[in-house]
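Only one chain is shown below, in structure tokens, and it's the form predicted on its own.
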């Protein structure tokens, strides 16, 4: 039964709900619209254009042979031996870079989380490689690996690792370790900084309670430190993996992808295909394939991080 009270108050309540909906659900998007439009113009439009290029033949060396080719570039990609070699190199390049960067960065973060004499100076030196331009880092490490003027081959020969000092960057079996070493030196500060920030956010009461209970250093690390760090570890590993997989600067300067494509990774193969072979259609297909692989990896790691946060 509809009473006079309902007839009077219901329109006012409807207007109030509509006002709240406008205020909290619609109005914020008007304020965010400039940023949304800018992000769409800078990120989404190039992405859409790049994906569309992967379905076209855009070869500047054959300007009259252009147009839509469907999945022809992807079919070519599936049978491209150089792509699969580059993908394998990308895996090892990313795996060893991330593994060494993470463990060294974690060790430095644990060390910097303690008090010792000269900590400020040591902390500045640890973070210094992150501030060095990539091009300069690559040139420096290429010089260090040079057997004529660099010390590293002579040190390795003295330790018995090498039979004699020679150009490691010219050896197909060892060349990838040159850029990996440079990348580890360059990327350790990232993990050290982020993990140190996470360590300093752990409540000190937890460690005091563990000390009272007689927990060992290993038990404290595995039961308190590591669980608190787990969500940060997941997100930093995900971000750094994506960056490293797309990070061809060191390789391009130090080895140029050689010798015999032994250091060619997918991102450097994209650059070579686009700007040396001038085949932008096929380069776009390679880029889309790399994008798909990294998106799957990112989703899996985000799901893992969500579980770690719940735990």
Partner chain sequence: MVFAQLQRPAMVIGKYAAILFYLTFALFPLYWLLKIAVTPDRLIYSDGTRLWPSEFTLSNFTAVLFQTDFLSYFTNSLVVSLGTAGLTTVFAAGAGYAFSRFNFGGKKIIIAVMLITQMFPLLMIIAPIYKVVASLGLLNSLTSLIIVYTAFNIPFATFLMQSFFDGIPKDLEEAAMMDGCSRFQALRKVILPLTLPGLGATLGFVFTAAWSELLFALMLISKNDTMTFPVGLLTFVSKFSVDWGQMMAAGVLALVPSCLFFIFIQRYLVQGLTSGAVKG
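A quick note: this is a predicted structure, and the numbers were derived from the prediction, not measured. Positions refer to the first chain, counted from 1.
One more form of this protein, predicted together with its partner chain, exists but is not displayed; see below.
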Next item on the list: Just one of 89-97, 232-240, 156-164, 75-83 has residues with a heavy atom within 4.5 Å of its partner chain in the predicted bound form, so point it out.
Entry: 232-240
Check: Does its partner chain come within 4.5 Å of any heavy atom of residue 151 in the predicted bound form?
Finding: yes
Notebook entry, point to check: Can any non-hydrogen atom of residue 55 be found within 4.5 angstroms of its partner chain in the predicted bound form?
Noted result: no
Note to self: When the contact criterion is heavy atoms within 4.5 Å, does residue 253 count as touching its partner chain in the predicted bound form?
What the structure shows: yes
Margin query: Please determine whether residue 184 contacts its partner chain in the predicted bound form, using a 4.5 Å cut-off between heavy atoms.
Written below: yes
Item checked: Residues in 126-153 close to its partner chain in the predicted bound form, defined by a heavy atom within 4.5 Å, in order -> 126, 127, 128, 129, 130, 131, 132, 133, 134, 135, 136, 139, 140, 141, 143, 144, 148, 149, 150, 151
